[in-house]
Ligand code: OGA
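Take a look at this single chain in structure tokens; it is the form predicted alone.
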């Protein structure tokens, strides 16, 4: 079967049909890369990947970067982050509660990632979906006066890991002093221009964006809440309902995402890679 792209009836996303990512050639990759830019996230069904082949396919889109939460990396790998509620000898093998809020991956770094690639090894029979919010569409929906107001603004992004670790029921491990030193946060434009498509997208997220630079706290928080009402509006949101062996690639430069909860008696076990990006402008 030849490679084809089937867009979803949703504000973002498409399914790539007829491709084994382990055996992708230059022609097929060009088609996939174009679809990635066109649709924001891509779903590759029925992939059977090793950690090495997962990393190798991810690296075709750019250099891979390690995650600050090294305690949740797959043993022996610098690039595979384990998202899982599995336990061995009572100890979590991965990050159990990752991303259960709207966010853009690692926006709290000066050079946030281009994209992320998540591979579903085991999934629960219900729940555990991933929502994707199209930030091109969110920006396009803003009134003209609001677009003008936010055009010159920048916002501060921070990874408040300690707050997440202190949440009821969390089993997150504490950060090392070395990791704490890396969490300086970053300042990015409220509206970023995608470096490949040239399109404008909102680039503030409830998970990591904490303030508007140079704006009084109350005014800044009110503005962020207004922007997030557009950023997470139902008409910009698509839902990925996972199937076993799905591989999903998403563009952090124009999407936010949110992992939904699931019954804790079931297993959700996934591997994620992160593709390095450039400074937002």
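Computed from a predicted model, the values in this text were never measured in an experiment. Residue numbers count along the first chain shown, from 1.
The following text describes the form predicted in complex with N-oxalylglycine (OGA), which does not appear among the structures shown.
S.K.: With the partner left out of view, is residue 83 within 4.5 angstroms of N-oxalylglycine (OGA) in the model of the complex by any non-hydrogen atom?
M.R.: Because a heavy atom of residue 83 falls inside 4.5 Å of N-oxalylglycine (OGA) in the model of the complex, the answer is yes.
S.K.: Report whether the minimum heavy atom distance between residue 129 and N-oxalylglycine (OGA) in the model of the complex is within 4.5 Å.
M.R.: So residue 129 counts as contacting N-oxalylglycine (OGA).
S.K.: Might residue 138 be said to contact N-oxalylglycine (OGA) in the model of the complex, defining contact as any heavy atom within 4.5 Å?
M.R.: Residue 138 lies outside the contact set for N-oxalylglycine (OGA).
S.K.: If you check in the model of the complex, is residue 259 within 4.5 Å of N-oxalylglycine (OGA), heavy atoms only?
M.R.: Judged by the heavy-atom cut-off of 4.5 Å, residue 259 is in contact with N-oxalylglycine (OGA) in the model of the complex.
S.K.: Work out which of the listed stretches, 44-52, 227-235, 31-39, 249-257, brings a heavy atom within 4.5 angstroms of N-oxalylglycine (OGA) in the model of the complex.
M.R.: Flagged stretch: 249-257.
S.K.: Heavy atom within 4.5 Å of N-oxalylglycine (OGA) in the model of the complex: which of 204, 133, 118, 201 fits that? Just give me the one.
M.R.: Here the answer is residue option 118.
S.K.: Name the residue from 154, 194, 172, 103 that puts a heavy atom within 4.5 Å of N-oxalylglycine (OGA) in the model of the complex.
M.R.: Checking each option against N-oxalylglycine (OGA) in the model of the complex, the one that comes within 4.5 Å is 103.
S.K.: Is any part of 254-281 within 4.5 angstroms of N-oxalylglycine (OGA) in the model of the complex by a non-hydrogen atom, and which residues would that be?
M.R.: Heavy-atom contacts to N-oxalylglycine (OGA) in the model of the complex: 257, 259, 268, 270, 272.
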